[in-house]
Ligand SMILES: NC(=O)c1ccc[n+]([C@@H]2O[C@H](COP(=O)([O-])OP(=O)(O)OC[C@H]3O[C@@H](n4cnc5c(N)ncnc54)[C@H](OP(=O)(O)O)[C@@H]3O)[C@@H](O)[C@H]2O)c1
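Take a look at this one chain, the form predicted on its own, written out in structure tokens.
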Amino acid sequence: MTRRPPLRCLVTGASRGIGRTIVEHLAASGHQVAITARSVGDLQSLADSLDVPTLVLPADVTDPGTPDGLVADVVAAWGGIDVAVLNAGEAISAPIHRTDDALWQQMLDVNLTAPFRFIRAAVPPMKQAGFGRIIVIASIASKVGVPYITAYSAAKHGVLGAVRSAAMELATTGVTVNAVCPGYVDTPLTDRALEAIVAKTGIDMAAARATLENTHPIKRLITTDEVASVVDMLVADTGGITGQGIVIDGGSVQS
């Protein structure tokens, strides 16, 4: 089952990087977009650049009440919700012996618990409508272990498990649930990772960037447009793709 635009879409972590590009792609396809992040100014700037109905909903996704509240806001404004793109996330690196309980919990809260709560909130109105597309922006760290990001990788492995289980539970309802698993993407989040590499190793920024680029066989970072294009495909899919973790990393993780 597929539906023509406009679809009613909610995108978390929408103000910059991957989330902003996803919003721009959805709007270019004629879809309505509800956008959320903590930065009100960045959200409003994005909304002002779009030519589709837009809801600006600043919020902290780790607040336990946020997912139910935002889904309710979209349903109240537009009569339903068709697409939820759960992009908000954070990555902090530390060797395992320096990964304290606070860092562990922080990574779980934003990368696992928040997406779970959004899925839980979006399922009832989507099931009632007989249509829904839930897409979690995960990571190649959902598929393989990566040193120095034990907490992040555990959370991303966990959210892929939630995606797969939810997809199986909802397989006959018209609601699909998938994850997109990019490698290193050219975003401000990756810039912060590069700064951390420079600070810890003493190499210059160009060498740090080359280190990340060389983890991909294509020898470059993934673009936000490449990630958004896979989201476009999942939004438009007729329902045969569900429970998948689609890797975008230039060929390094083949599954």
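Numbers for residues come from their place in the sequence shown, where the first is 1. These numbers were taken from a predicted model, which means no experiment stands behind them.
The protein also exists as the form predicted in complex with this ligand; that form is not presented, and the subsequent description refers to it.
- In short, of 77-85, 136-144, 167-175, 120-128 it is 136-144 that has heavy atoms within 4.5 Å of this ligand in the predicted bound form.
- For the candidate spot formed by Ala14, Gly17 and Arg192, every residue has a non-hydrogen atom within 4.5 angstroms of this ligand in the predicted bound form.
- Checked against this ligand in the predicted bound form, the candidates Pro217, Pro188, Pro64, Gly202 yield a single residue with a heavy atom inside 4.5 Å, and that residue is Pro188.
- Among heavy atoms of Ser39, some come within 4.5 Å of this ligand in the predicted bound form.
- The closest heavy atom approach of Gly158 to this ligand in the predicted bound form falls outside 4.5 Å.
- Of the heavy atoms in Val110, some are within 4.5 Å of this ligand in the predicted bound form.
- Shown alone here, Leu55 lies farther than 4.5 Å from this ligand in the predicted bound form, counting heavy atoms only.
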